[in-house]
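The data below hold one chain only, encoded as structure tokens and taken in the form predicted on its own.
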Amino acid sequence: MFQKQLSTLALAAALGLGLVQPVAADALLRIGLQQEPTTLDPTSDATASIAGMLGQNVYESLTTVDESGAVLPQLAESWDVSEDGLTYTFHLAEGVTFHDGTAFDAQDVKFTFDRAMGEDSVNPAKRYFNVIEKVEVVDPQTVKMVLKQPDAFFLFNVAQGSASILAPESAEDAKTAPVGTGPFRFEGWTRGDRLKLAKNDDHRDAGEVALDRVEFRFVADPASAAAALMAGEIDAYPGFGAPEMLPQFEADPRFKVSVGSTEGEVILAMNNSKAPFTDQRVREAVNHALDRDEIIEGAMYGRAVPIGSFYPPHGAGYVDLTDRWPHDTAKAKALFEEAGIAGDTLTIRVPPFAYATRSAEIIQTELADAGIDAKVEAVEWGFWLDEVYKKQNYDMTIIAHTSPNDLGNFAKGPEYFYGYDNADYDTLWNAITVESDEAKRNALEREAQHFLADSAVMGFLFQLPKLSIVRADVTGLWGSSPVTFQPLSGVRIGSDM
């Protein structure tokens, strides 16, 4: 579990650890991360840090996304879309090779998507690919995809880490030895410590890449991360987990601090497939027990924006529903009594992220005030993935959902860890995905937000901010995260690069 705050003694030690080390001659960037992945294959695991490190760096996709969320060409230099929105013809970049020297062509694209769509696929975003009817190789530089129905998010979805293009020669080893076509090569992974990348000199845009080496260092504890930043052992920490420590860096001219946005909705998930959460009165009671202002102040030191449904406040279709279930302890208590569970014990099983553990402690007290004995159980990430995400073995949990356009999570059926199943919502989500008119799609997304809020499906808490601490002479790192990946090809160290 993360420490709640840095002790006075530890803070003094951290502040006295000296000046930032000079930039290495070979342009090494050291990035601190709180989450170490369990595998390095984004096509087989949902852990956000895989794509965060490797997406658009080691791996590439047909398309990519910039910091504004706009879709741009990547391995596909251009594409044509049929009038009915069902056929996409991608024209691929020429002269591209994988890091092991094998050539990239349309057969690799077909292999990647056939693999993702297969019956035995373990791709965490397999739903993205269910819309594809077939993939056809037209010629080595052209591939055609025929969809079963129009998909307004298709070009955006094929930019994600889950749609990374792999070669059949190396795909089976991707979990530990990733091979892609990107501007950086995988160099090594010391579990529990760091992952190394090196510049791919054979990349088609290698001349535009300023960094020679990148090291991702896994430093989950905020006190240790703060000390490492102050000592010059790491150069940047995007997604810093301790907002209470930001003032010391904001006051230090050696660093830049930013509070950006992410796609990460932080929710108190309730297992809709098991009692007592099959009873909407219980879910409403939980929502009335929640005091978002108290949670945001205590868990995020005020540096987060509240949400009332499953949609980012910066999104074009956002509607403010934070007052749908206002904080009302007496109402929550009455609903728990009406549902017959007053005094019962429920468990909040949380992963080892500061926003989750801190929020859980506050919610534990809020539920106690409403008559529920809530037990907080902090578990390791691997355990959470297996028991909560895969096996639905939980009452409540707290997690940030960092994927964009993820209202579709609630249309995944009861097998998804929410345990939520509603045919009317499935119909609504399907209407959203096929609507190509942005204004009409935004209106449907507002309807979906109301649907989820009215059903009190989850406890919607706040939008996860991106708290970043970066050395003052490092430029090009994104301040906000419209996707889970962070391209490093445009990052520079120093003014002379």
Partner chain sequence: MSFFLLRRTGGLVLTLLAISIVVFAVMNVLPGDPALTILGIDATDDARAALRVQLGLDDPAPVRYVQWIAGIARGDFGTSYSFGVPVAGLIAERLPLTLSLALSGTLLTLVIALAAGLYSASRHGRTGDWAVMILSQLGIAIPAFWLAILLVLLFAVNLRWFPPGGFPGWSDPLGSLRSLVLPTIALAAVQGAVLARVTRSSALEVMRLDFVRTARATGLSPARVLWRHVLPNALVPVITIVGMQFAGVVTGTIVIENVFYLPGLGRLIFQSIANRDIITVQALVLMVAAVVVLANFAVDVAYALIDPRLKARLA
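Note that the structure is predicted; figures quoted are calculated from it, not measured. What we label the rigid core is the largest C-alpha set whose atoms superpose within 1.5 Å from one form to the other. Residue numbers count along the first chain shown, from 1.
We do not show the form predicted in complex with its partner chain, though everything after this point is about it.
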Interface segment, criterion being heavy atoms within 4.5 Å of its partner chain in the predicted bound form, picked from 382-390, 312-320, 154-162, 140-148: 382-390
Answer option from 44, 442, 455, 63, heavy atom within 4.5 Å of its partner chain in the predicted bound form: 44
Select from the listed residues 271, 123, 181, 287 the one whose heavy atoms reach within 4.5 Å of its partner chain in the predicted bound form. 123
Indicate whether residue 81 is a 4.5 Å heavy atom neighbour of its partner chain in the predicted bound form. no
Contact label in the predicted bound form: residue 192 to its partner chain, heavy atom within 4.5 Å: yes
May I ask you to state whether residue 254 is within 4.5 Å of its partner chain in the predicted bound form, using heavy atom distances? yes
Using a 4.5 Å heavy atom cut-off, state whether residue 224 contacts its partner chain in the predicted bound form. yes
Please tell me whether the candidate spot formed by 77, 90 and 96 is one where all three residues come within 4.5 Å of its partner chain in the predicted bound form (heavy atoms). no
Is residue 130 displaced by at least 2 Å at its C-alpha between the shown form and the other one when the rigid core is overlaid? no
Would residue 162 count as moving between the shown form and the other one, using a Cα shift of 2 angstroms or more after superposing the core as the test? no
